[in-house]
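Only one chain is shown below, in structure tokens, and it's the form predicted alone.
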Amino acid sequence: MGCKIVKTATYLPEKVLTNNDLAIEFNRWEPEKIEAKLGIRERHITAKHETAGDLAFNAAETVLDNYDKDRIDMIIFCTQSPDYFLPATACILQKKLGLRNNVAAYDFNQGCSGYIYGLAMAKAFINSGIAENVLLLVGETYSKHIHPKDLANRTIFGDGAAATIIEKQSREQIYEFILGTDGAGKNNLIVPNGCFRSEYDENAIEITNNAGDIYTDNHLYMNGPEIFNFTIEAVPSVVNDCLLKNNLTLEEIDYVIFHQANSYMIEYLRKKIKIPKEKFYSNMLLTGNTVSATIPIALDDCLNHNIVKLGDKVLLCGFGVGYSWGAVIIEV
């Protein structure tokens, strides 16, 4: 018994925020400098009443086109921007998508490594016999977490969603996982207020950092240098451990897709791990960092453009908020 990714799809909001737009609004950075530093030219941003659930619904509609919906027996939805505290957005999507009632549906909150965790859960449910065909959805609207005057984070993050169907197969095509956590880094990428540990504060004080970016404790805070330090220390070991666990070498891997954090960070990692450039995906130019959606958006792009082909072994690696990380090798 095994499982395989059989179909993928993505959805990006209609509204586009370009570097030119940001340069006009802030009059601090030139558009070309943003692109040169981050590898991002534009990002898609949700409308005021558009949610992560809406994005995931559109991605799911696409992936389920010409697919028998009655075969789906589980929905897993990863998001850090849910439609409601409760109920789970996956339950709402079950009804909206017209799926049968005897399907399992739940959300989980994971972020940058979320797609890897989602694949691990889908594989576990299929290999245990609980499910046969899993619809894995990821959707993020980080733009709603960011203060309007926080230029640094507005340049990096975009909104988006992706849908993946994982099916039971006669042999395993989703290999062994490496998963890990270090909660000591929780304060380096966080929205402090809004839940029950520290509720939303209508009178939250505006904080200005050394670069002139403004935020409050109701908004996303990211300690960029600490996130970078964590990443360059953790990811090489994660990749190496994943290869060892699967009895493979980097030379036997046809393609590598990392979480698309920003081009500077992942290019640094590529060189450090010695991944050949022709085997490495790096293209957040028109999407930005869409958090849990970056890896499936990248995978979908690679499949649609024949960058990865039938039979290829692809190493996927996610890392970030939590801190958390995960890696797996899939066979296309």
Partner chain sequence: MKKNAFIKQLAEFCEFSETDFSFDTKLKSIDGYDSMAIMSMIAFVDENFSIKITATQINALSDFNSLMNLLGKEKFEDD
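Numbering follows the first chain given and starts at 1. Remember, it's a predicted structure, so these values are computed and weren't measured experimentally.
Keep in mind that the form predicted in complex with the partner chain is not shown, yet the notes after this line are about it.
S.K.: Closest heavy atom of N223 to the partner chain in the model of the complex, within 4.5 Å or not?
M.R.: Looking in the model of the complex, residue contacts with the partner chain include N223, since a heavy atom lies within 4.5 Å.
S.K.: Taking the partner chain as it sits in the model of the complex, is N262 in contact with it (heavy atom to heavy atom, 4.5 Å or less)?
M.R.: Output for N262 is yes: heavy atoms within 4.5 Å of the partner chain.
S.K.: How about L38: is it within 4.5 Å of the partner chain in the model of the complex, going by heavy atoms?
M.R.: Output for L38 is yes: heavy atoms within 4.5 Å of the partner chain.
S.K.: Tell me, yes or no, whether N102 is in contact with the partner chain in the model of the complex, where a contact means a heavy atom of each within 4.5 Å.
M.R.: No, N102 is distant from the partner.
S.K.: Which residue, E252, E233, E199, E206, has a heavy atom that falls within 4.5 Å of the partner chain in the model of the complex?
M.R.: Of the listed residues, the single hit is E233.
S.K.: Identify which of F280, Y268, Y67, F26 has a heavy atom within 4.5 Å of the partner chain in the model of the complex; exactly one of them does.
M.R.: Among F280, Y268, Y67, F26, a heavy atom within 4.5 Å of the partner chain in the model of the complex occurs only for Y268.
S.K.: Where, among 73-81, 207-215, 143-151, 158-166, do residues come within 4.5 Å of the partner chain in the model of the complex by heavy atom distance?
M.R.: Selected range: 207-215.
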